[in-house]
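Given next are two forms of a protein chain, the same chain in both, each as structure tokens and marked structure 1 or structure 2.
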Structure 1
Amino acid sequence: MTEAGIGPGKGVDDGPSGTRADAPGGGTEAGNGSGPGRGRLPWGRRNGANGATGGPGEIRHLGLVAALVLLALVGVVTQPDNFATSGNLVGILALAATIGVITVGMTFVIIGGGIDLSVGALMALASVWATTLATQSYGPVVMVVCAILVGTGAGLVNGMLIAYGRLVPFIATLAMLVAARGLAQRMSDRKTQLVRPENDAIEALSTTKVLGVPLVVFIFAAVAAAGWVLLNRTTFGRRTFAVGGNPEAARLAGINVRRQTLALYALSGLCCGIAAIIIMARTTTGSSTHGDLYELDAIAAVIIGGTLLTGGRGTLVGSILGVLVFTLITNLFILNGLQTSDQLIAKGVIIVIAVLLQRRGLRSPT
């Protein structure tokens, strides 16, 4: 009905199913404790149960799709000449790429029962580190690798603090937010670091178009697709749901909860590193001011996408639809010459409406 983690009874109930979930992955000792040996089926059932509560999830997706369609209609009506052009639609995707990639990582972390407040700062840090003079003189490949390593490394630190240092995710990543921003400022001396002309391969990611679509959009699509497969088709994904739903049950089921947690934050950091590459391509700079308040945008997108902040349940498709809704709003406001302050109000209203609708969606089947 509701979350595994809510009542102890439910927790016990869920334990075995969690076990079976992990059975294909190799957890055996607890697996024989309960019923049928067909590991996948019960998990499938649980997925089905998820589906039952996820039924509204699908409705929620429909709601988001409806919102997108509605917004697009507004666009077509108010800006008939400008909105429905391939240039504009591709432009929206390119704008969504940065925050979209970050949101993929955030979705994993939140489904896994945590939160990552450091994403914007990590992106800034990775972009600054990758554009330092030292790194730039080794060429674009080193810059890309650097951004990814810095992002993943910082994510690992987050994960260590949370999984092994037993810090609350909110605190650990808040500390990282502040520290990473400071480090980025220190490294760049608070200057905007231009990507130097000899590294134009970086800039080419956003200027080069394949089939009219800039490469950064393909990066976004690739990250989203890889994220979807990882979340829905692998043991890693199932463990993520299990750890987020009920860590104790997951642990009893033989899942290494700490290692899983560590991996989730590293994954989020990796996404920040990739986002840093995109922002470097788009702005041709690395700067400590990049990614300001991205953590809030990403969390908002995940929430309106239908993922529970308490963990254990959620979808990547929803998160990405959430990102697109926000980007579309920005686009519509600017196309129609409305000011950014009104945009913020609209975003706030949408977050509230989305969450109210979700609650309704949860209640109605029960």
Structure 2
Amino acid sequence: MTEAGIGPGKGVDDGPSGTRADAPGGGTEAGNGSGPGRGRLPWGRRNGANGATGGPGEIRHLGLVAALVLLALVGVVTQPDNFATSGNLVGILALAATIGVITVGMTFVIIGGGIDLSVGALMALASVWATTLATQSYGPVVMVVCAILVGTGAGLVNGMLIAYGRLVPFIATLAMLVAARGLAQRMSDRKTQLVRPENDAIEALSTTKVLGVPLVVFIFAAVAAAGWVLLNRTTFGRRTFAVGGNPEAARLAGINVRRQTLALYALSGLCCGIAAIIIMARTTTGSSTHGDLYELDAIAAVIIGGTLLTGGRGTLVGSILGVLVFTLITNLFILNGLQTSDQLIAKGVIIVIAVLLQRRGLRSPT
């Protein structure tokens, strides 16, 4: 069995049945149509359907951009003295950075056919672990490495449970959510751990500005750009679409589905570790309460960005726009003194509408 060396405009040689599959960019079917490789391969739906290169996805992106403009107008009208200030706009971007980095990893997991409920707890665990006195005594570099290793390691555990333990992603990551949050509470004794003054390089990530924009925003932009390249320009990304669209077809095409699943959850954990660094920089603390309900915000951003919860289709651009929409809504609610409960209701309504639009789009001929 050969590896699925698939790429846009490039074929897949000799699947298990000796078939030849066309590339995702072509969006066509298996070559001679015999054996297990018969029929349209999962990544063949990527073109247009997921919005990567046109079609409904681009329309959705325009809709999200229009929503951002509308929300900005609401902010200008309702809070003319507070909304359109440089401090508030920079604050919106800084707030979006933390959830945005987590959302990048979540997008990969959902396109790959899974879900990760543990991202908020992993971020909390990574921040607590990195701010223990023992870790801080070695300096900021060790703290950063520790946060990344803890996040990635926990993500690998998720992937092992799902790929090799055959647990349902919902159950495995829910268990990790509970366990990671509990471990963070035990390590910190439910106390907020301060970043020590000698580790001011951590805080500098938040206070240092380039062209008036905090450095953490550029970290978010770099993660998003790297994620876009990985998803849309590499074999890893094409395998992610394939595994999420039809794991059995992907397996028959020569893709190691278990290894790909393991890598996807490790990637999500890595993003949690990076997000932990960002929130440590913003708050100069590590806490077991960090990232509370962030998993819901990340999943919601991915959904309204157009990624199917069933996997196989989605775009990172849509997810990033979804993050900005939710962050802007949060900012408007805070500026206008509205209740947090109202904010949650509004987000819930938006999620339901997004899912209904997805279902309508699936029923419509493409």
Partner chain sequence: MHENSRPSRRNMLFGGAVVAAGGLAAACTGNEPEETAAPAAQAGNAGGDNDKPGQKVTIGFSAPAADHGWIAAITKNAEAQAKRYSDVTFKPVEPTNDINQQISAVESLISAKVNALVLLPNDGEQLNQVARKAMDAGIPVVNLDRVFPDKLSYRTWIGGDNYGMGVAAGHYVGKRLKEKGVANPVIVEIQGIATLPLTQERSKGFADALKTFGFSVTAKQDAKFTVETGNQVASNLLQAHKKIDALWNHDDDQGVGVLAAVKQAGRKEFFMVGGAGSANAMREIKSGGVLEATVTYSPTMAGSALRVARLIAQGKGMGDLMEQQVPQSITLASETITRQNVDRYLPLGFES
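Numbers follow structure 1, counted from its first residue as 1. Every value quoted in this text rests on a predicted model; they were computed, and no experiment measured them. Whichever C-alpha set is largest while still superposing within 1.5 Å between the two forms counts as the rigid core.
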- Query: Is structure 1 or structure 2 the form predicted on its own?
  - Reply: 2
- Message: Quick check: Ala66 between structure 1 and structure 2 - does its CA shift reach 2 Å or more after fitting the rigid core?
- Response: no
- Message: For Thr310, does the CA position differ by 2 Å or more between structure 1 and structure 2 when the superposition is done on the rigid core?
- Response: no
- Message: Given a superposition on the rigid core, I'd like a yes or no on whether Val178 shifts its C-alpha by 2 Å or more between structure 1 and structure 2.
- Response: no
- Query: With both forms fitted on the core, how large is the C-alpha shift of Leu338 between structure 1 and structure 2 in Å?
  - Reply: 3.2
